[in-house]
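Here you get one chain, nothing else, as structure tokens; it is the form predicted on its own.
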């Protein structure tokens, strides 16, 4: 973990308390900091998340009549709990590095005087950014990072809305065991993952869950994040030819693997992507035509007309010029709405009161953009009601295929590819 800067460690508690006790709502504005990869190899995902959070701020500040029928926060006119104060988002670019994430979070807190933070997509960056917020006593809401250790640090100001790696691993296991029971061969499984906090953590959790469930992980392929050549890894996979392969990758890596797998003419019968880069609209646009039948996970499906998910998806398409919410952008919007709801209920910009409101959060599923069973945090700051779907790429669009009770389409196997 990147060490906190000397400045962060030596600022006096009294001066910090004075800075944050000032009325951030004095001019009717509540400043929230957001730290995302707006440049670098994950810039596409980061910028889609930025637009989702901007949509959330617009819903609070300006409102939407249709959404307001099911989501009181979308009535417009600002935060009713703070006499109509408007939310002002202050975005910072973490550049895809933990050091930049740490430094930019420090700037947002000490110079911009934000009252809460949201971010930061990559687990390794969330690790360092949230440590700064913890040091300064600023609530940090994490909508999308899934590394298991993020909620195992004893932090009191960190709140994670998304399901975590263990939830996804259990879903993959149940899904694969169901395929085996139906007669499909899943005797050998490859785990392919990038080697930062996200890839290492998720792959480790999947391997542990599969071992307990007696699913055979026959090979593990770790590769350097942001690789420019994955031909050796693909040739290794082609030689062993596992029945199923699970990839844990960011966008540029996902695109590179899809291209190389086509070039080498290798594809497993079941190809699973752990969301990440494979769900990025940039990946779907670039490689959807050669990854037909790819299986992934998602918390988002548009849902029935009139639902929060369907309305938000339509509003997001209008904002982006046609791109609907995907898994990551939907989680970002959901995380923002959870934070805005807490600030509104707190009726204050004091971080401690926002923290208390987050701890008391109890949002029902019908009020959510994401397909969770609700939002309620445990003592570690983890949403205990988070859940996931299994989706499949069809004609460059992900559709829900599992569990059957929440599926919108039938599962089609084996993996088609190109």
Partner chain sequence: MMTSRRLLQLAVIVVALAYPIVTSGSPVWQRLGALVLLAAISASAWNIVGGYAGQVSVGHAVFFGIGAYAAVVAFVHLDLPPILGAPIGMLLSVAVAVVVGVPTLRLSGHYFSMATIAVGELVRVLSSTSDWLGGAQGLGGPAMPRTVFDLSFVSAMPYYYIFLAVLTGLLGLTWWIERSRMGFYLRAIKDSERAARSLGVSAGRYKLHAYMLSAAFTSLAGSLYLCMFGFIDPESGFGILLSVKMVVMAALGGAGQLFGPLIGALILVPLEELSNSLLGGQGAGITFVVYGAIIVIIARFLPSGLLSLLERRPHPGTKAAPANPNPASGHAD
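Residue numbers count along the first chain shown, from 1. It should be emphasised that the depicted structure is a prediction, and the values quoted were computed from it without experimental measurement.
Although it is not shown, the form predicted in complex with its partner chain is what the next lines describe.
In the model of the complex, none of the heavy atoms of residue 367 sits within 4.5 Å of a heavy atom of its partner chain. In the model of the complex, at least one heavy atom of residue 135 sits within 4.5 Å of its partner chain. Its partner chain is not drawn, but in the model of the complex it has no heavy atom within 4.5 Å of residue 344. Its partner chain is not drawn, but in the model of the complex it has no heavy atom within 4.5 Å of residue 175. Checking 279, 102, 162, 249 for any heavy atom within 4.5 Å of its partner chain in the model of the complex turns up a single hit: 102. With the partner omitted from this view, the residue of 387, 39, 61, 361 that lies near its partner chain in the model of the complex is 39 [heavy atom within 4.5 Å]. Listed stretches are 302-310, 209-217, 103-111, 333-341; the contact stretch with its partner chain in the model of the complex is 103-111, by a heavy atom cutoff of 4.5 Å.
When contacts are defined as a non-hydrogen atom within 4.5 Å, all of 50, 127 and 153 contact its partner chain in the model of the complex. In the model of the complex, the residues of 185-206 lying within 4.5 Å of its partner chain by at least one heavy atom are, in order, 195, 196, 197, 200, 201.
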